[in-house]
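Here you get one chain, nothing else, as structure tokens; it is the form predicted alone.
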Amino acid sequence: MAKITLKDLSHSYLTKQSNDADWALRGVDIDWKDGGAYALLGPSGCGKTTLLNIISGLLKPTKGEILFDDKDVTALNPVERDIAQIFQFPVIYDTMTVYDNLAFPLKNRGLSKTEIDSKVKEIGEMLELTSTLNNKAAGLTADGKQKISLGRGLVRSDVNVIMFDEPLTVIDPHLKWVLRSKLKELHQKINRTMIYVTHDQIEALTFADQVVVMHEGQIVQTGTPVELFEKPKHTFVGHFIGSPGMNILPCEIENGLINFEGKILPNNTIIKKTNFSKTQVGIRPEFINFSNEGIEVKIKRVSNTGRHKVIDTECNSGIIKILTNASVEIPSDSVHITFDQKYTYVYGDDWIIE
């Protein structure tokens, strides 16, 4: 296991860089504790896999350093870094049995038959593969094959970090929850540093203790699932996390206060800096309430999702989504709403103003 430190890391696939768009990664600084469970979360093309491949040694960064336990490993190859990487599609040997697939990394490292047998059976039991250990891997379903890939990464006890690159993409939706829960359980048992790359917020938030949200090659926020939901530091985090995402609407700053739709909104911060090209107010649908006063909106649509209702309302500044319990009676036309002060934030050029 290892503590992982990334210092001022940037990477470009181009020989020359003239603007931010030429960089796949920009100014990444990370300090991950030994034994933690971490997720890299963001849409396709944001730099997640590039960052993962730099940590593993498959890519050398254009700038910056990678340290394992404070030792500079930037120039080392993947073998020298002692990492295990599980990819999006299962990498297994179809002609081998499940047992031999799991044993393969251990045989390559010269472990005794007794040690190999003990480790393979232990991981086989953890992943519920015991009954298929003597079966050929070719006959397994996609989720069974991906379990083998997971097992090949988990079976080694000498790795500094185990990395997962969207490992549940090929898994049927109803099995994803089972495997996500299993991975969390395995992390708690073996206590190794794990990094999980995904574009799926549910996967990231249920697996990781700390989630790194990436956008256009940058880290826009690192935090616990609760921190990312309750206090997005960037408008992208507000949009990307949550269903529906955060309402982000244009506003004005007057005397350090938020002016929205001609009304001063309660806010937790006196805003001192005002020289932004744009300012916006952010509030999650969960933290908006119907009221006898406040901002007047028109009800445009109500969607019943079972336990909740998602209400699309409209004001002069745009659409405002509200999330309520399914039992709440919804007015048919106009209504007034208020924002919960604790969860009302103001953003300048997409970054939270604090």
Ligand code: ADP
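Note that this is a predicted model, so its numbers are computed, not measured. One-based numbering along the sequence shown.
There is also a form predicted in complex with this ligand; it is not shown, and the following applies to it.
Counting only non-hydrogen atoms, choose the one of 40-48, 317-325, 63-71, 301-309 that falls within 4.5 Å of this ligand in the predicted complex.
Stretch 40-48 is the one.
Flag V346 as yes or no: does it have a non-hydrogen atom within 4.5 angstroms of any non-hydrogen atom of this ligand in the predicted complex?
Answer no; every heavy atom of V346 is more than 4.5 Å from this ligand in the predicted complex.
Within 4.5 Å, heavy atoms only: does A24 come near this ligand in the predicted complex?
Although this ligand is absent here, A24 would touch it in the predicted complex, with heavy atoms inside 4.5 Å.
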